[in-house]
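A single chain comes next, written as structure tokens; it is the form predicted on its own.
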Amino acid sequence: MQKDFHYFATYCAAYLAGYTHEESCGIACSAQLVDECSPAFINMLEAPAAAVTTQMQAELMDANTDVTGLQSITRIWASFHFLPQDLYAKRKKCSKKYLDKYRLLCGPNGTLVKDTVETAKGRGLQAAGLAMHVLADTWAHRYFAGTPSLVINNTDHYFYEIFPDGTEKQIKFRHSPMQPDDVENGVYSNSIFQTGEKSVMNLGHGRAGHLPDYSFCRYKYLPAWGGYNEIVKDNPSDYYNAFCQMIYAMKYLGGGTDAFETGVYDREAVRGYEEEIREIITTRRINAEEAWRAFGEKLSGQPVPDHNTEGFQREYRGAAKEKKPDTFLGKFFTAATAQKSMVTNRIYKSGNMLAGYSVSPESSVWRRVMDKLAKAGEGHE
């Protein structure tokens, strides 16, 4: 997903869930920050290394792809952008090496979605926003895995957009990152095909370009993990479900409900707005920011500001070391560390070493690390 959904749509969902305008802005900012909290961002602020939630393109290109390097990549991308749907999925006639990668396939309503939302409970707006980013991406990024893998993430040239009237048009891919996608002519950028199994070009949905990030796009293609058999990805339906599920999840985080369960969507909260929301989601355009902003301003009667963390950065830099964890970014870093620890520990406990060894968030060792993080502004993955 992009900023249009992670920031502006998240603001709308938060407001519909009962948060104030100011609280909704904080949640939305935290949700978008997941796509910005890179090693460079962390280093600039001299913040905890364990709180990294993404890697920029240049950082990925320079990343090591040895065992420890791949584990570091997987910890980040599986924890925040490609949450595994079923760590114990079954697959016949395959090696454990393949099965471990297959079990990292992202999808909605898995056990880890419930764990993610429950981990955010009681941790403030920052944790709520971070959890909403992760939850939303389970819908957009389904069928791809947050680990570099050709045998899982590759696709074939067979790619067709399916239009509302049922007609189909073949999608053309190119590797031209500096050029915007041409929606009208169906020309999109994707990663360069690399035969190396562990190439970063084979991370996540790189081989499908930004198609999973566009709410309007309904398409069919041949995924490698599925034996290159046809599968249909219905983004309009998935994004609508993601929006309604975020409302339900945030009502739980805000204390409006006693429990969070997967497969539940708050349709009642969007009653009267369904047509407007679906129109925003299905309109064919690269960027829906202004449409979501207008909807948010209609809901709250307040101007929805652009996403900007400069003030939070100044607050973090200016705080004494022992006070940094109490700042907006300090709370975000703590939430990010908790989420990453939870996910990587679940992967490790399933017998899968692709994310490396991880200490349980419930253990005394993890609590000591978090205490050190709080006191010294330092952390370890």
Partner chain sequence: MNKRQRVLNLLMGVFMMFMAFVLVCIPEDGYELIIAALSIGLVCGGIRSLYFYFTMARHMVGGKRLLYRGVIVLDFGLFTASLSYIPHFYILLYLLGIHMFSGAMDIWSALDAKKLGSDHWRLKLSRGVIDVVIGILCLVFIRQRDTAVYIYCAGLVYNGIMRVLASLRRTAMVYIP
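These numbers were taken from a predicted model, which means no experiment stands behind them. Residue numbers count along the first chain shown, from 1.
FYI, the form predicted in complex with its partner chain isn't displayed, but the following is about it.
The three residues 192, 195 and 205 all sit with a heavy atom within 4.5 Å of its partner chain in the predicted complex. With a 4.5 Å cutoff on heavy atoms, residue 42 does not count as touching its partner chain in the predicted complex; it lies far away. Residue 57 belongs to the set of residues with a heavy atom inside 4.5 Å of its partner chain in the predicted complex. Contact annotation: residue 63 falls within 4.5 Å of its partner chain in the predicted complex, judged by heavy atom distances. In the predicted complex, its partner chain sits within 4.5 Å of a heavy atom of residue 97.
Proximity to its partner chain in the predicted complex, defined as a heavy atom within 4.5 Å, holds among 160, 265, 173, 273 only for 173.
Interface residue among 245, 85, 119, 154 relative to its partner chain in the predicted complex, by the heavy atom within 4.5 Å criterion: 154. Contact annotation: its partner chain lies within 4.5 Å of heavy atoms from the stretch 173-181 in the predicted complex, the single such stretch among 285-293, 109-117, 305-313, 173-181. Of all the residues from 204-219, those having a non-hydrogen atom no more than 4.5 Å from its partner chain in the predicted complex are 205, 206, 209, 210, 213.
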